[in-house]
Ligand SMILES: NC(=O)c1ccc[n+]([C@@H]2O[C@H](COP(=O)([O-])OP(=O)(O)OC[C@H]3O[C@@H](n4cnc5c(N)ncnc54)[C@H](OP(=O)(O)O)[C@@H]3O)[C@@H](O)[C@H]2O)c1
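Next up: just one chain, as structure tokens, the form predicted alone.
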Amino acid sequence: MNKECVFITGATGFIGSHIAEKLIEQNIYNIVAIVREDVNYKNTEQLKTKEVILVKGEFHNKKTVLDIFEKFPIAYVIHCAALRGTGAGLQHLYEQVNVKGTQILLEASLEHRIKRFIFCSSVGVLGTIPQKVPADIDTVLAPDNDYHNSKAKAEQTVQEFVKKGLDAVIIRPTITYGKNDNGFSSILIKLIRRRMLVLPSHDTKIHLLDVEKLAEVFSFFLSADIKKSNVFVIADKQSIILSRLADLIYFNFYKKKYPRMLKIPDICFSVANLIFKFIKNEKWSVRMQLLSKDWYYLPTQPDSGNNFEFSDTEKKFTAYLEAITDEK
């Protein structure tokens, strides 16, 4: 192998697949990706045809990881795989996959003296709703569910290995949108198209992230000179009002604004959130908070002299909507 080797976990997932595509496009590195044996992913064949080396297994299996490091001259690790989202598993599974799995990768990376380890965390480590807005890298960590807790613990583990001599970067992206998304923005689009989304009466500010820009960020940090903090909050250029986003989506399909009759008093969301917390339904509790409270951030620029041109949400999200409309 003449080119340096990047080991990516989560290359078949939403964020990881866009990172893999970006690295393939640049044609600077050889890419090794780990894929689960029992799942047929949509982009597996595409990765094969573009000469990505696919290894079957799980990133939280120590033997599989050690075999990869022994077989390939890994220079960089991009760790995106995780048990993602609230309610995706029991607490011990988040611990096993997101925390212990990250530690296994860190141990192998330190032992083999790789050049850089890049960890995909989440702004959720600051809480579903940050204690202050705009939140930034100095905002106190306040993880408030099993998923966010696991990401916070994984971050702590990364920093422990930094003290041992590992060069590592922590990326905290906000909620992403873009091609092949099946998460928050995809659900939002479906609900708005069917006029099933009720909005709070006040203007809620939210902050999204173009997944293609996030892929650029990961690529940039493979070789960027880090002088100060190794933690970065990544988001679009500015926040957006939720009702404005609803209008953009609805207008794309029906050429008119989202019906204002679908706004309800804020107290309804507060009551619903309390009910979901009482019955221990974390997923719907989080959704109520994301729809009714402000969550936006101050994106972190690198201190290496190269500033990112973060995406404009209205322009980029509109282009995303047009693309998925054309596909249909």
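In this text, residue numbers run from 1 along the sequence as written. Every value quoted in this text rests on a predicted model; they were computed, and no experiment measured them.
Only in words, not in the display: the form predicted in complex with the ligand, which the text now covers.
The chain is drawn here without the ligand; in the predicted bound form, the stretch among 223-231, 192-200, 67-75, 143-151 whose residues come within 4.5 Å of it by any heavy atom is 143-151. Using a 4.5 angstroms heavy atom cutoff to the ligand in the predicted bound form, none of K100, L110 and A168 count as contacting. Within 4.5 Å of any heavy atom of the ligand in the predicted bound form lies no heavy atom of K263. Among heavy atoms of H60, some come within 4.5 Å of the ligand in the predicted bound form.
Among heavy atoms of A20, none comes within 4.5 Å of the ligand in the predicted bound form. Contact check for S311: no non-hydrogen atom falls within 4.5 Å of the ligand in the predicted bound form. Proximity to the ligand in the predicted bound form, defined as a heavy atom within 4.5 Å, singles out one entry of A246, I206, I137, I175, which is I175. The contact residue chosen from V217, L106, A81, L188 relative to the ligand in the predicted bound form is A81, the criterion being a non-hydrogen atom within 4.5 angstroms. Shown without its partner, the chain has G10, A11, T12, G13, F14, I15, G16 in segment 6-29 as residues with a non-hydrogen atom within 4.5 angstroms of the ligand in the predicted bound form.
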